[in-house]
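Okay, here we've got a single chain as structure tokens, the form predicted on its own, with questions on binding and movement later.
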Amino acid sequence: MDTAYSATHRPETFREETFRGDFSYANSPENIRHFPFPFHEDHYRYSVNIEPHVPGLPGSAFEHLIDVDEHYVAEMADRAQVLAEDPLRYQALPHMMLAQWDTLELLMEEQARAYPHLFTLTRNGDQWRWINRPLGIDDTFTFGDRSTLPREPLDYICRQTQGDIALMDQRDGNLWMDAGMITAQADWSLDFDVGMNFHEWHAPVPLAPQMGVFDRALKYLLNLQLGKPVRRLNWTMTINPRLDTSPENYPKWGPDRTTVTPENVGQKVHLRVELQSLWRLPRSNGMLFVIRGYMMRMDEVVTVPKWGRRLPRVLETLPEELATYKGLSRYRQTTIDWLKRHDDGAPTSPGIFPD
């Protein structure tokens, strides 16, 4: 056990909060420093930005390969509500069943290894017992036998894992999104993208295709090796701490962008970051894509002086095409003006972590 992490960010209790309605979501001071701030310098441009997914700085979102934090129980409750309202947020094509079992094994192993006080996985041959203490789950099942679980393996474990999950099949020199559970996406649709290949589902992204970013990324990922996962950070901004910003629910969240004023930036505008990790799967040779999301409102961001200086500089230099694609145009300048009050002009140190 890492005592530094135990002292700073080993979740023992979970916040009671909502991501809709009264929007009671917030970050504790410890969780603010846990946040994966995505900007390592004072400007941002698209790049492949892939690095090995290895255990990182104690107390940070990178310490464990699958991260669990104080929002776990509330996020799982929100996921259950989204799925009850729209079951198509989970889909899996029939040929992906072996990859489903691969994914269940990986996510159970990683969570039990990193958080033994929360999760326990016991194996006796194909007879497995899984205990999830935060959600009150204690199930025994036969690995590989779908009939011994209450749901399909991917459906079962994704309801117990923070972050969206996509499963990709590798064939014909490409990656195909053939299964997933996507309930907290930043304006894209699993129902639309399922069955698409890597280039097809990235087609809407501006600038990057012309720069060859996705060609390079695909070439790299096709050679991803077992036991050597990789990661990258992606980001956007969200008005109100709403996890479900899907195209299907645009009428619920799209109008929020018109509600930002100079007075409410600190509470309403949230930096939304995805810690994306990709894993080669052992039996199916498929690829697991974990999209672990984090949100932090502006008045929390600026409690870290380095981040308060850097974020307005990044937003000011963002190409207009990217700002439009990310949906920031309507409130970007209002947010920059508010953030600039926290930028004293001092240099910022390299890297993403607080000073």
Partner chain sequence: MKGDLQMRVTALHDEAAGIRRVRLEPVDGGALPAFSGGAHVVVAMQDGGVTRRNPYSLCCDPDDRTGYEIAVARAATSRGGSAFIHERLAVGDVLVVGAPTNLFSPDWRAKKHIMVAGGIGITPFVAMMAQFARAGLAFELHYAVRSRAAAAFAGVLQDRYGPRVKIYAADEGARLPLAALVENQPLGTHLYTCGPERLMGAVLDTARNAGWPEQALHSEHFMAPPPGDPFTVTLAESGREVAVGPDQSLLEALEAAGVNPRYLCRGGVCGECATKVVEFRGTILHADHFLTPEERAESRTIMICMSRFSGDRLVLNL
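Numbering follows the first chain given and starts at 1. Keep in mind that this is a model prediction, so the values were computed, not measured.
We do not show the form predicted in complex with the partner chain, though everything after this point is about it.
Trainee: Given that the partner chain is not shown alongside this chain, does R283 nevertheless sit within 4.5 Å of it in the predicted bound form, heavy atom to heavy atom?
Mentor: R283: contacts the partner chain in the predicted bound form.
Trainee: Does at least one non-hydrogen atom of D172 fall within 4.5 angstroms of the partner chain in the predicted bound form?
Mentor: Yes - in the predicted bound form, heavy atoms of D172 and the partner chain come within 4.5 Å of each other.
Trainee: Contact between Q225 and the partner chain in the predicted bound form at 4.5 Å, heavy atoms?
Mentor: Taking the distances in the predicted bound form, the answer for Q225 is yes, it comes within 4.5 Å of the partner chain.
Trainee: Since only the chain is shown here, I'm wondering whether K252 would be in contact with the partner chain in the predicted bound form (any heavy atom pair within 4.5 Å).
Mentor: No, K252 stays farther than 4.5 Å from the partner chain in the predicted bound form.
Trainee: So which of E248, E105, D244, D155 reaches within 4.5 angstroms of the partner chain in the predicted bound form, heavy atom to heavy atom?
Mentor: Spelling it out, the residue with a heavy atom inside the cut-off is E105.
Trainee: Given that the partner chain is left out here, which of E109, D256, D139, D215 has a heavy atom within 4.5 Å of it in the predicted bound form?
Mentor: Only one option qualifies, and that one is E109.
Trainee: Please determine, with the chain shown alone, which of 264 to 272, 67 to 75, 226 to 234, 146 to 154 has non-hydrogen atoms within 4.5 Å of the partner chain in the predicted bound form.
Mentor: So the stretch in question is 226 to 234.
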